[in-house]
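Starting off, we have a lone chain in the form predicted alone, written out as structure tokens.
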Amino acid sequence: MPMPFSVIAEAFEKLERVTARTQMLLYLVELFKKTPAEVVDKVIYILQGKLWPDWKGLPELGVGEKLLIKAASIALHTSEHYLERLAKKVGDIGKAIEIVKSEQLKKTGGRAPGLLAFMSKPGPTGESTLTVERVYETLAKIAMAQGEGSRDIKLKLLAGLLAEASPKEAKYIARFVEGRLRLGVGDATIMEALAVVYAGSAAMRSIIERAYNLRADLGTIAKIVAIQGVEALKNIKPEVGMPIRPMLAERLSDPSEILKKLGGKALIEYKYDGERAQIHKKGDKIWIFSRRLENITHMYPDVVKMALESIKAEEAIIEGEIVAIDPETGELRPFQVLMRRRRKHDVHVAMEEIPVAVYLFDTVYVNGEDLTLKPLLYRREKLASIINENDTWQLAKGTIVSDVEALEKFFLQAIEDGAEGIMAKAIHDKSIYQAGARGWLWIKYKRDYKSEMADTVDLVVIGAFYGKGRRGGKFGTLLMAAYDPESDTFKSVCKVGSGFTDEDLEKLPEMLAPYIRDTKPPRVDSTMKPDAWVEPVLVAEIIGAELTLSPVHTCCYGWAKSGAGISIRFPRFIRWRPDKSPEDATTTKELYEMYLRQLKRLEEES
């Protein structure tokens, strides 16, 4: 049986009001139990606020606010001016459409007004016959409409959809189109709900998560488990053209502790200050995916050329760092220089102005062989065997060490050569590639450790405060949070108001606007109330004087001392991290371990 879109609209309404993750999980379980296996992928995508995974590189909807309002005015036979005024009054165009449509249905007995009445099929109480399939397919047609005449096609399709929808359905269709769903549902919570419904227990989430880590398409993974069962997921392997969620590293500032964690012996490599890239090759086809799994192939035609010329395998998935280099000296340039390529409209001009080199450090798949469960040295040898090296395409500089002196010497050389620091990696028999996970198989040791707090941290914006004096009337301070993967929530750490340039502060309102919420987002855990809540999306790099105990912040609350969490003293903004998703941010566990190491250092110094 087709799935009524009203089921999704009702679920969205519940999720929008929820304040606890446990309740969110129950609503998702309820939704998936009502979802036919054949459309569970579409339901997942809609929940994520997208039509397909970002990495597919397919068109976005391409419907701006003005076109949405015009479509709604046609569907409702109402003036655009009236809808605009109402949207400003109630907060968004989706709510405005719901109000107008509800009022009209009361007057017309369930029929849509105007010339498009024939397009609407709601009953006397405003129910519609829209299905999930119909809504998804129509939205996909809107997205795929490109070129001359596409605006009229988008307008007609969207107006028809809004005309046929019930008031509640129309509200969420409009919010989806506008990119304003903001339900606060994370992938981890979705996977847990899928495990409950299709695998019988939340404990089975790990199997779903591993499959998702190897094939970063939660809709596809959900459809496999719904139709074939959880056993089918155990045989999932990487697939060329479909990104793998990257393995992540822990961080330490003590070389002896690094070696101890890695079993006394490790491969250490330069940690380049560039853009991490996952490069896929199949025949003469190349894909390049960012750390956040965005398809960035079009940004790097030079890297595509390098890959085609230098990867000898017919099929391969390899990882490396794309680094900006000085065209005259060949010296490494900082990350900020590379990011200027993103702002250039003509990629070929950018390519000439900011040339790059690629430093490769891993491979997870070669000619049908899944390497994710193979130890690092095996993967490294395989990588070396399938590439031809040259000045701009080579293995990351590395060596194997077993003593602190050698590690420190290599670290200092890495800094001298323009790297951020080093990556220390386990080389024992269990040094597998942990896709999508952070663990002690890889450890970062950066130059930031040599000053102030032992390390910079990556935190997520969850709120904003208005400033005083020169910043009066504008946002001047941000409430920052760490990610807790166990609860899939963001726990407050500190307020940061220093380190911002005037330009940074001018851009804040525009950056925050799409994510401002009237109420606390369901995945946010904070007892401190900001002037404005912010959906946890934006990641920033932060440094501070030290980690300290705090009675007001929820990060690691009660872990080190009853009634206290962990905060950062004198935090300072360093830079935005658009290459990181909120789930890539520093975790609560990492902050706690950093705090314990700080205590140990202080004890030793005293």
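Because the structure is a prediction, the values reported are computed rather than measured. For every residue, the number given is its place in the sequence shown, counted from 1.
One more form of this protein, predicted in complex with a small molecule, exists but is not displayed; see below.
Colleague: Under a 4.5 angstroms heavy atom criterion, identify the one residue in K374, K168, R205, K425 near the small molecule in the model of the complex.
Modeller: It is K425.
Colleague: Go through L383, M306, A396, I432 and name the one with a heavy atom inside 4.5 Å of the small molecule in the model of the complex.
Modeller: Contact with the small molecule in the model of the complex is made by A396 alone.
Colleague: Using heavy atoms only and a 4.5 Å cut-off, decide whether all three of L248, K444 and K580 touch the small molecule in the model of the complex.
Modeller: Checking in the model of the complex: L248, K444 and K580 are all within 4.5 Å of the small molecule.
Colleague: Among 96 to 104, 523 to 531, 160 to 168, 434 to 442, which stretch sits within 4.5 Å of the small molecule in the model of the complex, heavy atoms only?
Modeller: Residues of 434 to 442 come within 4.5 Å of the partner.
Colleague: Please tell me whether any heavy atom belonging to Y483 falls inside 4.5 Å of a heavy atom of the small molecule, as the geometry stands in the model of the complex.
Modeller: No, Y483 stays farther than 4.5 Å from the small molecule in the model of the complex.
Colleague: Check R291 for me: does it contact the small molecule in the model of the complex (non-hydrogen atoms, 4.5 angstroms)?
Modeller: Close contact exists here: in the model of the complex, R291 approaches the small molecule to within 4.5 Å, heavy atoms only.
Colleague: Although the partner isn't part of this model, could you tell me whether R276 comes within 4.5 Å of the small molecule in the model of the complex, counting any heavy atom of the residue?
Modeller: Within the cut-off, so yes.
Colleague: According to a 4.5 angstroms non-hydrogen atom cut-off, is E269 in contact with the small molecule in the model of the complex?
Modeller: Within the cut-off, so yes.
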